[in-house]
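For reference, the chain that follows is the form predicted alone, supplied as structure tokens.
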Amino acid sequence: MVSYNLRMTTMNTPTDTNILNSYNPSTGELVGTVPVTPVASIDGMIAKAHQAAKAWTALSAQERADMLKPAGEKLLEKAEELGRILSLEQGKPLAEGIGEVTGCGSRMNDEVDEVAKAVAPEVLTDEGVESTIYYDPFGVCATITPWNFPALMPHWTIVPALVAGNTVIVKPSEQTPLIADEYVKVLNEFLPEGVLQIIHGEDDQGKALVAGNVNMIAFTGSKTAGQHIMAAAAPGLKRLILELGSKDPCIVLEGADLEKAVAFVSNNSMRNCGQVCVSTERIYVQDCVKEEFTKMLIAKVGEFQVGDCLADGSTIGPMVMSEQKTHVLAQIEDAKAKGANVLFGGTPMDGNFVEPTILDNLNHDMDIMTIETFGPVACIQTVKDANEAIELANDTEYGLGAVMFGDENVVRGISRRSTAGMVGVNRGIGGASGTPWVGARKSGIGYHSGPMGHRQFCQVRVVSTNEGS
């Protein structure tokens, strides 16, 4: 069974098929429930969205942006309440849950203004001709979002789609329905009826939404699910934005600031229990700095505290579900059986918890170096020079992010050889304000964020007239 909203297939089987249960991955206790959306009602919801689009599209982009600004203030007011819900059903430490909601709210004003500016008409002139480039909405946008950032991921697609003039139907992960429901409720306090709707359920609901009369689909999740969505969207030639799997590398070479490299690698491998699309899943370290780098990394990873999301001092929570833990542990065991050494961690833990782990002596014959892990594991492979490092970093079907530390001239030189969509040189991949979030190869189709990404939610239309007419 292919899931349309997760990076891994899940097993969520509530006793009442009309109710979707949300469980705390730290304790297994029920957090709350939402009603499952009947598949038979989805076409009607899409029709409602098309009807609402008539008035919504008639507004200017700035009018739509201004309508959303109070929602940002409301998210800030409710950040502690909603952050607690987020952490309880996703598992990340409470401070991170509150921070995720706060981030959505605090950036709302700037983000909606940025979208409005990006989709404003542009005028070009030439001898005798004046052309206006319009960025028009597609119509109804279906957005299908994952569980690892269950407020931020909906936010990243819903907001630009709405400001661009589309109406939106969001299908969140069945693992984290409560926070998505609350997020949509906040926005709907300030939006006209039918402009933003939410669907709850599992595969059947996702498939019905993709197959319905929507004009575009924005999806974040696994490569396999993305391929199925692409195939289902093909008969209608529906526009797609797909952020898919990843296997992000980090290269550490001679001349690197090892403190910065270790700080980045430890955080980026372990944060959110490794359940981040741009987690560092492969580390290629030059032999001449390997010993010192490894020693420093062990000390840094040892500072993380695994525990319940609400426990004081916890910096890593649980895997979101048992299936994800099983997947991660299977990759670790496969690597060990093929010769990998455990430098840190590896102690079995109860429930959905996985101890932060560092593996060494890895190679590309091991699943953990080629297949997405999505867990708290730092994987080290030794290389002799920059050329070997970049060749191994590119030895993947994915291409979301890549990071490299070393002598500035050397890493700048190999950065343009990277096949990733986003490359960080002596820093993480986060770019300057306005840069898009973009994957290459099988990590994505289309992209979002920044003016270029906002326009992905638009149909470009050119109207040309005689100059001066």
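From 1 onward, residues are counted along the sequence shown. Just so it is clear, the structure is predicted and the values come from calculations on it, not from any experiment.
Below, we refer to the form predicted in complex with a small molecule, which is not included among the displayed structures.
Item to complete: Using heavy atoms only and a 4.5 Å cut-off, decide whether all three of 144, 206 and 277 touch the small molecule in the predicted complex.
Response: All three within 4.5 Å in the predicted complex.
Worksheet item: Any of the heavy atoms of residue 183 lying within 4.5 Å of the small molecule in the predicted complex?
Response: Looking in the predicted complex, residue contacts with the small molecule do not include residue 183, since no heavy atom lies within 4.5 Å.
Worksheet item: Could you tell me if residue 375 has a non-hydrogen atom within 4.5 Å of the small molecule in the predicted complex?
Response: Contact check for residue 375: no, nothing within 4.5 Å of the small molecule in the predicted complex.
Worksheet entry | Any non-hydrogen atom of residue 212 within 4.5 angstroms of the small molecule in the predicted complex | Residue 212: no, not in contact with the small molecule in the predicted complex.
Worksheet item: Does any heavy atom of residue 229 come within 4.5 Å of a heavy atom of the small molecule in the predicted complex?
Response: Residue 229: contacts the small molecule in the predicted complex.
Worksheet item: Of the residues 244, 359, 218, 251, which one places a heavy atom within 4.5 Å of the small molecule in the predicted complex?
Response: In short, 244.
Discussion item. If the cut-off is 4.5 angstroms on heavy atoms, which of these, 400, 42, 61, 49, is the one near the small molecule in the predicted complex?
Written reply: By the 4.5 Å criterion, the partner-contacting residue is 400.
Worksheet item: Which of these stretches, 331 to 339, 258 to 266, 112 to 120, 148 to 156, has heavy atoms within 4.5 Å of the small molecule in the predicted complex?
Response: Careful reading of the contacts points to 148 to 156.
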